[in-house]
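Here's a solo chain for you in structure tokens, the form predicted alone.
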């Protein structure tokens, strides 16, 4: 592979006994396919597609060395010779495509969602229902043996190595940190004692697998929790592990229970590269930078500057399995970029669903959602160039159909043109860049500024007509809703109508939260945030001068006084993403937003918004009221009589809550079925 623009990214890395063909690692992502033997053919197809895409080294989702280490009941485990059979499907498929793959050994410790959980101490995790048992001396020795057996079985199954998970707050991290290790025996107390378990595991695994086998250790270099390790501790552990036989270090940032976001889209790109660089300076084996690296330019800069020897990109390979090949072929503009939304990957994982990708619904469904050239080409019309329409149009064209895409606006994007304006969602522009190029590559005929009519569609000799016309904002029946101070979210975000310093937002779904974050932001501050500004706001010390890398947050002064309201009495933001919703709520709370549930809207007048909450009336003396109270499907183009030629997808099909994940998936599935 050669590329004048990304030479460091595509340079091989010699590990002594083997050579990686480039500096890109596809980091571990738990897809859910690992947990059931009957899904291993699908898992093999998933990895094979990414091996074919050119990535240098891949890491499986977490595989437990024993039952107490299960993330979920009966989760993926490698502790018996019979387990080799299923895993060989994966390794064979990867090697046939010229790839390399290591199996991640992950013991969940107190993070397991099952009653067998164990840890260094019997201290319950805030993210699991089950209180762990503290491992006894015998239990620790048994766990070490289980790790060794797991690694040897992985070697027999054909893996090129193992990654030992020692970060993110899982078992080995729990032993390493005083936060969770309260022991008074030889496994607790000083850092020399606390690191004894991972050190014993690496030492004995290396002895068992020999020298020509990759041992990558996922090292927590910034815990981001109280009671986390100091930088001196991080270095002490790393240097001891290197002596014990680690081939290379992958870097882990934060625990799952940390109240600091580390991978959501609002985190600046490559925010933690400097910490990886500090580790690289104190060890002699290769170091891998991770977290929020999603473009080849960012990855190239990290490597060219010497901050790391490799880069780990996990979710970007859900978004685009051909990431590396496209870079090598000087087609980086065709990469489907990960936008860090978490909606179909981590949110699915933590809800016990199969992981996929919002911008690439084929991820995790490679054997089920297949884009193949059709023997008969159809003439297809797609109306609406939002996420659903773009997905449908480009997929249909990829399958060999003649596609015309209509939109009444002057640019593609639909609701994504609004989402990308929200602070922290700037990455959504990458999806529009991708689809703009995809329309060109697939040959879709694009007709903008054209409000197509039903008669025109019926007269156009189209075999199939896909309506992705989206939604119209709903106007709630509130007395005075036509008052001049009332604006819709489209008025605010898209049309940039002036907004006063005190604002009430009606509707606390995803759009309401987006509008609140947008209005909190001082428009004079350039976005996206710099790493320094983000660290100050969240209280992150990249130098780890205090244990855990935490410092006192210095939140930005809110630009406006905001009220966020909803009719339902439930928790505001209850429908937000499982792994990102807390970030949005924390941002608004830090900005002093008053959030009210169970609100009855009485009227709007010159005095403001009149409401009743808990039987008490109140007047919010606001300059503006912003309506984010839902939307209705736009279906005016549907024929009066049902017709098999017409199909509705996305917001036009269901407008209850705007859902780009569903919209893109529906577009792809429908187009692939034509």
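This one's a predicted model, so the numbers in the text were calculated from it and none came from an experiment. Positions refer to the first chain, counted from 1.
Below: the form predicted together with a small molecule, not depicted.
Taken together, 509, 601 and 631 are fully in contact with the small molecule in the predicted bound form: each brings a heavy atom within 4.5 Å. The shortest heavy atom separation between residue 233 and the small molecule in the predicted bound form exceeds 4.5 Å.
Shown alone here, residue 488 lies farther than 4.5 Å from the small molecule in the predicted bound form, counting heavy atoms only. Contact check for residue 561: no non-hydrogen atom falls within 4.5 Å of the small molecule in the predicted bound form. In the predicted bound form, residue 210 stays away from the small molecule, with no heavy atom inside 4.5 Å. Heavy atoms within 4.5 Å of the small molecule in the predicted bound form belong, among the stretches 81-89, 252-260, 566-574, 143-151, to residues of 566-574. None of 160, 322, 514, 307 but one reaches within 4.5 angstroms of the small molecule in the predicted bound form through a heavy atom, and that residue is 514. Note on the partner interface in the predicted bound form: the residue among 194, 401, 425, 365 having a heavy atom within 4.5 angstroms of the small molecule is 425.
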